[in-house]
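Let's start with one chain on its own, the form predicted alone, as C-alpha cells.
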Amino acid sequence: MRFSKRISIAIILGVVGLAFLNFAPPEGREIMQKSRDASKLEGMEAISTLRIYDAKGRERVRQTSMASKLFDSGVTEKRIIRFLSPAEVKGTGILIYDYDERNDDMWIYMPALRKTRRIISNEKSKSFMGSEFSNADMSAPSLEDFDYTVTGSETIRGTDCWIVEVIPVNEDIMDRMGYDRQLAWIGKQDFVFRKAEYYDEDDELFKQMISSDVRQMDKSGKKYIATRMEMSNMQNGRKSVMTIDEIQYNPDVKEEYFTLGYLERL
C-alpha cells in the first residue's frame, strides 16, 4: 500500500511537472526570433501612406512603394522603398539589406542631387524622412545586439501577448538605436508586434508604437504583416502613422529591384 501511494505521488508530481513545462513561457530571444521569422515573406510588393502630424495636429502626407525579397536561403532580406509623392520627395529611394546576424546596410538616393549615399551607424537613430519613425525602424536589428527578458503577459486589443524587455548590450548600440530600453508586446499566436515602448537614458518613456490591422500573408508559412503602425512621441506631442494600402505576396519579385543601379533609376 505504501508502495502504491509512492507511485501515485510520483505520478502526480510528474504530471504537474509536465504541465509546468508545457505552459512555461518561451525565452525572450526565442520570441523575438519567431517574431522576425513570422514577418519574413519570400517576396512582396506594397503601396503605403505615411502621415506625419506635428504637435498642433497639422498633417503632411507621403506615399511610397515598397518591395522586398529573401536571399541567401532566407538569411538576408532586401527591401527597397521609393517615395511617389509629394513633389519635394518624389523619387527619393532607400535600399536596405537586412541581415540576421550582423548590422544592416542602408543607402539613400536623393534625386535632387542625383547621388546615393550610405546611411552610417550613427544616423540609424535619426528621423526617417521627417517622421517619428527612425531609420533603424525600417529594418530588423541583429538579435545579438540585445538582451531579452520575458516580464509577463497582457492582452492588447483582444490579442494575448508576451511582454519582452529588450536592452541593448552596450552604449554604442543604444546610441545607434536611439533608446536605452524597449518593452515589446508580441502576440502569442502570430508573434506580431502589437505594441512597443521606448525609454531614454533617464528611463523616461519617449516613444510608443501601436501596430494593428494584422493580415495573414502566407497561410502555408504562417506569415503575418501589421498593415497599420502608429508611432507617437510622448515628449513632443508629434506622431506618425504608416498604413499599407495595397499589398501583394509575390515570391517572384525581380532581383534587379534590390540593386544600387535600380535605386538610382528615375
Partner chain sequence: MRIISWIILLIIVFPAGAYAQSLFEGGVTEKMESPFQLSGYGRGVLYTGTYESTSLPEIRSGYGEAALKINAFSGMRGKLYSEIRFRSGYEFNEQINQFQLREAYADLYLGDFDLRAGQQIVAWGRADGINPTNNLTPRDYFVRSSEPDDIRMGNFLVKGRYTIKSRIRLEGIWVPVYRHSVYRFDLFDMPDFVNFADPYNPGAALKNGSFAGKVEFLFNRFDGSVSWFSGYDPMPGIDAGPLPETPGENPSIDLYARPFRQQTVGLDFSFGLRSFGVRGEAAYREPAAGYKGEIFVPNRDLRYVMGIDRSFGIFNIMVMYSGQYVFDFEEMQMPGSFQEIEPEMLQQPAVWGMLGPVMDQQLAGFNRVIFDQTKEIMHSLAARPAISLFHEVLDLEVFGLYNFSTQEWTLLPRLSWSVSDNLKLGIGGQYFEGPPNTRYDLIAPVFNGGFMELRYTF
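Keep in mind it's a predicted model, so treat the numbers as computed, not measured. Residue numbers count along the first chain shown, from 1.
Omitted here: the form predicted together with its partner chain. The next part is about that form.
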item	value
Interface stretch in the predicted complex with its partner chain - options 161-169, 114-122, 192-200, 147-155, non-hydrogen atom within 4.5 Å	114-122
Contact label in the predicted complex: Met66 to its partner chain, heavy atom within 4.5 Å	yes
Touches its partner chain in the predicted complex: Arg228 (any heavy atom, 4.5 Å)	no
Heavy atom of Glu45 within 4.5 Å of its partner chain in the predicted complex	yes
Interface membership of Val61, its partner chain in the predicted complex, 4.5 Å heavy atom rule	yes
Selected contact from Met129, Leu183, Ile96, Ala136, since only one has a non-hydrogen atom within 4.5 angstroms of its partner chain in the predicted complex	Met129
Residues in 235-251 with any heavy atom within 4.5 Å of its partner chain in the predicted complex	Asn236, Arg238, Glu246, Ile247, Gln248
